[in-house]
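So this first bit is one chain, no partners, the form predicted alone, shown in structure tokens.
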């Protein structure tokens, strides 16, 4: 009975963590699916979003007015800041190695340039944050992080599972954002132009679509998603300048697991990694969490090399 209770509690934790991972993977999948850009700075853009959320919650939103909702509102306000930041990054830097300006390069040369550029950007963001903000961990304190909803089990009179309030609200927000983003990409005029630019840039130009602008918007959206995911994560996970390194490998694993370029697949890939990471603690020491992730990762790819959703879905 105790094991069943522990398993259910761990499953709840895995779902909440998986939703955050899923949203992070969606942002990365959006950038790769539309721009074909290998962005190793995505974790550090998440880190910037975490610091921006702390700043907004500390100096912009009065806690006396917004109460326990302050951290979540701060995370939402990260979106316009990170969108503008991402758009400028793409316009000034990323576009030099992607899209039309990289048309003269072979695919291999373009990816090499993107890799070096994104790694350089990651180092600049990490060390810039280290110089400006120091290396001490920071967090956005919320009363909801230390409280939970109790749901009794029918096993006996004493068994129950607990839903951490902050993580549960975060999970709901992540799912809503992912659904809204998928609707935006599929149904809106801008979303259709993004998919056209992803499918065939040359044909999109002949149809009157500004491909360069579409790529900048895609990178800005991916950056904004990383930012809001970071803003939600910092409510219960401390931030320091190098925290992005801990997450960028998870993001890429989730994107590959779900199917390269698929937004839906990326979310489920991130969700799978969160579940495996948490459920593995029932059987192996916590130090082997990441090992369990990549064992499952390799097993899935052996069975289905194209990932969960493979090539049968839209690229973006």
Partner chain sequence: MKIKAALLSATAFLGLTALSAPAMAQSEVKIGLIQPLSGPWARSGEMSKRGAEMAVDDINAAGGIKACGGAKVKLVVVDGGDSPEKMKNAAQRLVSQDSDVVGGIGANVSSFTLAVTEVTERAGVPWMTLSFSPVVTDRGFKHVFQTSMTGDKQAEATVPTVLKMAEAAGAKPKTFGIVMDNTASPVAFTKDMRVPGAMDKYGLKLVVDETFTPPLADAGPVMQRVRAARPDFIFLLPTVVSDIKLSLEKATEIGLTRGRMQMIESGGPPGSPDLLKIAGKEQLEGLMFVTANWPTKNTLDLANRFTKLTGEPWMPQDSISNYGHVMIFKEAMEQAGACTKEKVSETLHKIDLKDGAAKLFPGGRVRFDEKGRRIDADIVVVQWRDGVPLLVYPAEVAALPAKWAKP
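We call the rigid core whatever largest set of C-alpha positions still superposes within 1.5 Å between the two forms. The model shown is predicted, which means the values in this text are computed figures rather than measured ones. Positions refer to the first chain, counted from 1.
The form predicted together with the partner chain exists for this protein as well; it is not shown, and the discussion that follows is about that form.
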query	finding
Residue 96, heavy atom within 4.5 angstroms of the partner chain in the predicted complex	no
Heavy atom of residue 139 within 4.5 Å of the partner chain in the predicted complex	yes
4.5 Å heavy atom contact, residue 183 to the partner chain in the predicted complex	no
Close approach of residue 282 to the partner chain in the predicted complex, 4.5 Å, heavy atom	yes
Answer option from 238, 120, 128, 80, heavy atom within 4.5 Å of the partner chain in the predicted complex	238
Site check 73, 76 and 178: each within 4.5 Å of the partner chain in the predicted complex by heavy atom	no
Listed range touching the partner chain, judged in the predicted complex by heavy atoms within 4.5 Å, from 80-88, 214-222, 152-160, 169-177	152-160
Residues within 4.5 Å of the partner chain in the predicted complex, restricted to 178-207 and counted by heavy atom	none
Residue shift check between this form and the one not shown, rigid core fit, residue 284 Cα at least 2 Å	yes
